[in-house]
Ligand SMILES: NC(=O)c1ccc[n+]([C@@H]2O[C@H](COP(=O)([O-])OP(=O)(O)OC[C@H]3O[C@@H](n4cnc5c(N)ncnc54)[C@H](OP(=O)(O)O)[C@@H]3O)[C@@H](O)[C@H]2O)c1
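Coming up is one lone chain in structure tokens, specifically the form predicted on its own.
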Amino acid sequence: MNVIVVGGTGLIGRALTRGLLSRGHRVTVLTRRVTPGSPMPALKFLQWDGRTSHGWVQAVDEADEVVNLVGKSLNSWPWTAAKKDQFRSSRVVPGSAIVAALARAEKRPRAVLQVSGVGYYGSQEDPVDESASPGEDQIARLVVDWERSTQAVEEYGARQIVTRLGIVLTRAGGILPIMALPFRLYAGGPLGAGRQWVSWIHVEDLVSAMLFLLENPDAQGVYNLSAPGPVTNAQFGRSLARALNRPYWFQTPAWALRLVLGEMSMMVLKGQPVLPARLTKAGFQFRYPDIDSALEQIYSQPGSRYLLLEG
């Protein structure tokens, strides 16, 4: 299988690319910056401007699948008006470019895997699966636009696979090292009341789930890529404290988080218990279904087999 990974030099992109290569697939990584050479014959890097289909339509002709991982991280403080515009444009514009590339291609890929997030569901207290309606807050609206950016690929014969990701747990980057910092400093504890939900997934399960969907000819539509065991912020914190051998005691008040983070505080003070109903029904099995086993593995191992690729 020949796969184009759009945004393949980011944290998830590197992990997925390594996973694809380990399964014998060929990978073309679209990136704004191309480094000379390639570490292996099955991998190549192709430069693009992040906005158009210019320069990579021929690669689409040769691709079986396209994976779109592009989107500016929401963990970017502060959320100014300009930053919010970047959040949206960095998602919608590349998605439109992918649709344009398929429109120009002579031979279209079978599927486009579009990554998004569980923020689609807004703040929730009861469990939700893929059948739930979108939330009404600004993150939910952003995710809706993100998913719609590549919806038109189905007009060109490609299946759209939408993967809504929970918090991806890995020591290599993302939000986990930030969450772990106060615990390392012996100041970890609940954020706000600690009752808000955290939907999460171990990076190895994330890569395995994406490979599972890419290799499944019947995969189409929305799949929640989050572990079957969502936890509250308090439960997550206690598990993290155990994994790091640190105390769990210092509460950070909600008002302090709102004062420091502004609107960004909604990312840690609100959440949703998300269930991967369609993924499990399709037969996928999680290696790390509970938070204790996931964090124990992350902090007891020197590294992950999916974090070796640089590009």
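Predicted, not measured: the structure shown is a model, and the values here were computed from it. Heads up: residue numbers just count along the shown sequence, starting at 1.
If you look for the form predicted together with this ligand, you will not find it shown, but the lines that follow are about it.
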| property | result |
| --- | --- |
| Which of 249-257, 273-281, 57-65, 25-33 lines the interface with this ligand in the model of the complex (heavy atom within 4.5 Å) | 25-33 |
| Contacting member of 128, 153, 214, 115, with respect to this ligand in the model of the complex [4.5 Å, heavy atom] | 115 |
| Contact test in the model of the complex: residue 202 vs this ligand, heavy atoms, 4.5 Å | no |
| Partner contact for residue 48 in the model of the complex: this ligand, 4.5 angstroms, heavy atom | yes |
| This ligand contact in the model of the complex: residue 230, any heavy atom under 4.5 Å | no |
| Close approach of residue 179 to this ligand in the model of the complex, 4.5 Å, heavy atom | no |
| This ligand in the model of the complex: contacted by all of 13, 165 and 168, heavy atom 4.5 Å | yes |
| In the model of the complex, residues of 82-116 near this ligand [heavy atom within 4.5 Å] | 90, 91, 94, 115, 116 |
